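In the structure tokens that follow, a single protein chain appears in two forms: structure 1, then structure 2.
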Structure 1
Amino acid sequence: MSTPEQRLCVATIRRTGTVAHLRLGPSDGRPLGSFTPGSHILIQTPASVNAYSLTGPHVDPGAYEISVQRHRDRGGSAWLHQLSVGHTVSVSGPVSGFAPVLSAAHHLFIVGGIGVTPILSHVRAAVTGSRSFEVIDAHRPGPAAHRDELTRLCGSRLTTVTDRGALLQRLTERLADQPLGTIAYLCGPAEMMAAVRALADRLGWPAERIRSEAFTGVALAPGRPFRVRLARSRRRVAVAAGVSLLEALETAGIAVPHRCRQGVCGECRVGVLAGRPEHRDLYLTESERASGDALMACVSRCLDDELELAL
């Protein structure tokens, strides 16, 4: 389901190293909607639609705040970095894909680099709601986005590490000593999140107690080839390794609504009638993934040789 689109104006810009912090306010003066901590907005750039986590207050925000790290190979970030105060951008959302578990006894936030952005709104909400939490923050030595703010919000509940050895030591200590009902939240580089999940698994953590938010725009593994059977048209389409399902359908002349091509906006959701989807999106909830009755055509693949879609 599409989220409403609106024009927002760049109200302020400040920078921390290679990160630009933008406040986007309503150009028509109308108030912006509240959002669930961990939510993101979708911004239309000349090349694509990209997702950016909201870092500011989540209740009655005067502006939507985002922090964008510049990447040479990602046109969206470069475009946002060249904006100035007064520019307007097309925004959809907010979209919730990384919400807090309000029934958790304790919240363990594990951050890597610019992965601090969705965690910051979680921390704000935890402080406001007097929830039990702690943060392990890993980043390289030197200036780091939102570190002063995170320190102010967390106080003694923040542990900062600047090398891999110290991170693994702290993670081992904290993952091995958590109260029953703790939920861990991860956001950072894929390698870091994989290491945390592997460590948690060795320490006996159930997979459902770990929530994660992946960086968008990262390269996905090509996957194995599979076939798609279309229930309505009775057509079959081959999807080669390294080719997305959406691309294969487009090549075959089959139109599927889409926007971001990164698995974040939910626009290309397609019903699944048979076969097991290999979910790679950041949009579906865990229960929706488990049901296996839908996938995001832009990034998801198939665990079987054939998949039947409601197309």
Structure 2
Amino acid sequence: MSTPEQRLCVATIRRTGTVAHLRLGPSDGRPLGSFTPGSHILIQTPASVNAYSLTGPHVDPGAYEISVQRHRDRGGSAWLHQLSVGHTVSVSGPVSGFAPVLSAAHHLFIVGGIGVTPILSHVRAAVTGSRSFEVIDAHRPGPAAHRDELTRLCGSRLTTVTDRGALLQRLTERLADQPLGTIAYLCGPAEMMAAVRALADRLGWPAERIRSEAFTGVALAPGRPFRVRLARSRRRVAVAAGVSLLEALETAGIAVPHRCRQGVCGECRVGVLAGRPEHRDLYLTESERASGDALMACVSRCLDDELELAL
């Protein structure tokens, strides 16, 4: 489970319209890890844990750079917007879920609005690695975040469109004329990505050729807090969000055999006597899940507020 446990310090902060660009540097001088193009980090804000794409250089970065669009309804972005230089934030290590295909003959990046953020590191890597690529960029008329940099990196490989009709026309042309071995990468608003996928599908693109940024599904979500009652020892243990049941039991001094902490090895199986488990492992079979009488303590949680365990 990737959790925001590293403390980074705001080194610079800059704004383009409603987007704030933050550079987060190590507060202890230790070098930050390289990351795969398209990666994001998770940031703990008072309201929630948010995912932000890393927009800066990916090899031996001096800082992690992110761009935060302010949403009125999302507390986290407003909080990040009011930070200033010197503030520290809790950040996870880079999470990769939108990586380039190393052997692709050509890379086609399709970008909408603030969806440019994960594409920047892709494009930079493609330029340094002399990989063949092109970018189709759609955003509202007027200035938009990172477009100067994108233009500088791409030169004539960039096409910009500012309305839906032009986007669809350009896409129809380009999707129909890609060398075999092309991989397309999508990042933008959900409706735009759905429209591009539908168009690509009609033009004979197998789903395997299209990657899209999904901030979810790579790292397990921290989950809601819940409690467990232990039938044998008659104890109660609280499991906080972001803490696994296995960890909570260990902290309470209750040893459960385990190995992988990833829900694959099968060691940490615990009997469930009451309550509905939320299965998040890869170990139990469908029928074992359905019977609900066991769970894997390293990853699985509770659908309700309490579970009773055979411990």
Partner chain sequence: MSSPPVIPDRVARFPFPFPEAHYRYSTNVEPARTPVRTAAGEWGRWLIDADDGYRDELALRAQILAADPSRMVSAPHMADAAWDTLLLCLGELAAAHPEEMVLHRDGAVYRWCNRRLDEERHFRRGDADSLGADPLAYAGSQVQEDIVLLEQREGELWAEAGLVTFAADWSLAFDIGMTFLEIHGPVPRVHVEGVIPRAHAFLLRLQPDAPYRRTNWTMSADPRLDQSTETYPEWGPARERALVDPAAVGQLQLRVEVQHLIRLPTSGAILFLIRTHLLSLEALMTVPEWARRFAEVLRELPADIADYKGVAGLRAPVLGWLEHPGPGAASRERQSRSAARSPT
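Note that this is a predicted model, so its numbers are computed, not measured. Quick note, the numbers are simply positions in structure 1, starting from 1. Take the two forms, superpose them, and find the largest set of C-alpha atoms that agree within 1.5 Å; that set is the rigid core.
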Correct structure when looking for the form predicted in complex with the partner chain: 2
Exceeds or equals 2 Å, Cα of Ser233 between structures 1 and 2, core fit: yes
Rigid-core frame, C-alpha of Pro61, shift of 2 angstroms or more between structures 1 and 2: no
After fitting the core, Thr285 CA displacement of 2 Å or more between structures 1 and 2: yes
Following rigid core superposition, Cα shift of Gly266 between structures 1 and 2 in Å: 18.1
